[in-house]
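Only one chain is given next, in structure tokens, and it is the form predicted on its own.
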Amino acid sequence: MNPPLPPRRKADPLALPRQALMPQGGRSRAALGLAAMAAQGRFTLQVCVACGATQYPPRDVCHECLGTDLPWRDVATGATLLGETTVHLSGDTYFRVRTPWRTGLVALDCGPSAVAHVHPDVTPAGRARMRLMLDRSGQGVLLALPERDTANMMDDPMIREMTCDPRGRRILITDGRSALGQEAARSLLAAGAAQVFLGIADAWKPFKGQDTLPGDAVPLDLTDATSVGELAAEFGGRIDIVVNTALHIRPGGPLDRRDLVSAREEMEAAYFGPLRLAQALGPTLRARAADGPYGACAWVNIHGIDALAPDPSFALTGAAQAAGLSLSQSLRTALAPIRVLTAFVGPLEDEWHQAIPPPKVTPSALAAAILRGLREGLEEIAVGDIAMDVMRRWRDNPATLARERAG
């Protein structure tokens, strides 16, 4: 049985800091499909259309019939551990400081056999359930977990390396004035977060919930470079996860407004504000990514699903969200090995979506989805029925979706 996670200790100021190294990241174009599926939390492999053979490792032609039509399909997650070994010495710069590391050969129920990372609680020659995970370099890898959950299963160092579980970590939530920010703080604290900092802009303005804040209020205004810089100077070395809950959503299209005031505010919340914060906190987060089981690990951005295809009634908000999404994709490379989680959300249950009929997303539902994404080490989640439907149609045909939403 895996031992429980050791308590967090104060950093030794005299210890040599560990560099934030990453495992080997080179992959073929076909193998990048594993990373794309792992980012969504799906266990999918290539399946030949012609003969139905499941492929592993990913390839360009079927190993059975040489067919070239190999779409990614969800497959059975069951497997049997055929053989295993524990690596105690490694020449790889990433793994040599993370041994012992268990690996093994598993026979997948869907057909092929594969080399995988193996959780310590998987018994020799026993059954396992497989997951596609993202490693620290952002590549998809196979992980064999126990068939049923075990005590302290998620405390294993291997799991902590591939996920962003908030337990024991310190978290910054950028907008503590909003119901979403406060719900996110409650959810993360309930999940075992060591401390939650809630950014408060214009503290002199009263707001709902200010007397019962679930975290520690800190001054933070993402539209003010001085405020962002002061926060980074005082708290940057203590932040392990950033959850950017700043949203500015207003109805209106290009011809519905007579000025650029709201458009600028939308761009500040969706693009310029997160950019300021990333420039201020990013280098410190990356440097602390190797601080053991409690190292810095994640950056969460929330985007309206309009970032993929705009709703005409919120067209300018959609444009700002699209700019923010492009920034999130850029940060995924710039902040590596920090995991960047993008949460796409449908219409929220707030004052700006009153005219939108249900289903809508409550702050508590969005907070719960963010927590799940962190625990599973995902890069992309869709929250709410509308967001999931739009995401599915966008993956099928983006051009058709844009015309559908415009109509």
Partner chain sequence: MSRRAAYDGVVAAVPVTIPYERYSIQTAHWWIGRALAETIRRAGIRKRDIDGLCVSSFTLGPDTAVGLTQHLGMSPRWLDHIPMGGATGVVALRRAARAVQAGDAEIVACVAGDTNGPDSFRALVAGFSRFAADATYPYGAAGPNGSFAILTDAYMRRFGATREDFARICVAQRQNALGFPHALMKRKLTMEEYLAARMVSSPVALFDCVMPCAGAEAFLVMRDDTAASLGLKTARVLSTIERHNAFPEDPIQLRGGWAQDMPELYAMAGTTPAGIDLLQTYDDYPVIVMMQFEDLGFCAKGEGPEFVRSHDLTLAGDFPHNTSGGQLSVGQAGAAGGYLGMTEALRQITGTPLGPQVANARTALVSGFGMINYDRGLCSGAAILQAA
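It should be emphasised that the depicted structure is a prediction, and the values quoted were computed from it without experimental measurement. Numbering follows the first chain given and starts at 1.
We do not show the form predicted together with its partner chain, though everything after this point is about it.
S.K.: At 4.5 Å between heavy atoms, only one of the stretches 355-363, 368-376, 341-349, 24-32 reaches its partner chain in the predicted complex; which one is it?
M.R.: Flagged stretch: 24-32.
S.K.: Using a 4.5 Å cut on heavy atoms, which of L331, V218, A280, L105 is close to its partner chain in the predicted complex?
M.R.: Exactly one listed residue reaches within 4.5 Å, namely L105.
S.K.: Sort through F235, W101, W72, F272 and report the residue having a heavy atom within 4.5 Å of its partner chain in the predicted complex.
M.R.: Answer to the contact question: W101.
S.K.: Within 4.5 Å of its partner chain in the predicted complex: all of V228, I249 and E266, by heavy atom?
M.R.: Checked in the predicted complex: no contact with its partner chain for any of the three.
S.K.: Would L285 count as touching its partner chain in the predicted complex under a 4.5 Å heavy atom rule?
M.R.: L285: no, not in contact with its partner chain in the predicted complex.
S.K.: Using 4.5 Å between non-hydrogen atoms, is Q195 touching its partner chain in the predicted complex?
M.R.: So Q195 does not count as contacting its partner chain.
S.K.: If we define contact as a non-hydrogen atom of the residue within 4.5 angstroms of the partner, is L142 a contact of its partner chain in the predicted complex?
M.R.: Looking in the predicted complex, residue contacts with its partner chain include L142, since a heavy atom lies within 4.5 Å.
S.K.: Taking its partner chain as it sits in the predicted complex, is G292 in contact with it (heavy atom to heavy atom, 4.5 Å or less)?
M.R.: Looking in the predicted complex, residue contacts with its partner chain do not include G292, since no heavy atom lies within 4.5 Å.
S.K.: Scan 278-292 and note down the residues that get a heavy atom within 4.5 Å of its partner chain in the predicted complex; none is a fine answer too.
M.R.: Heavy-atom contacts within 4.5 Å come from no residue here.
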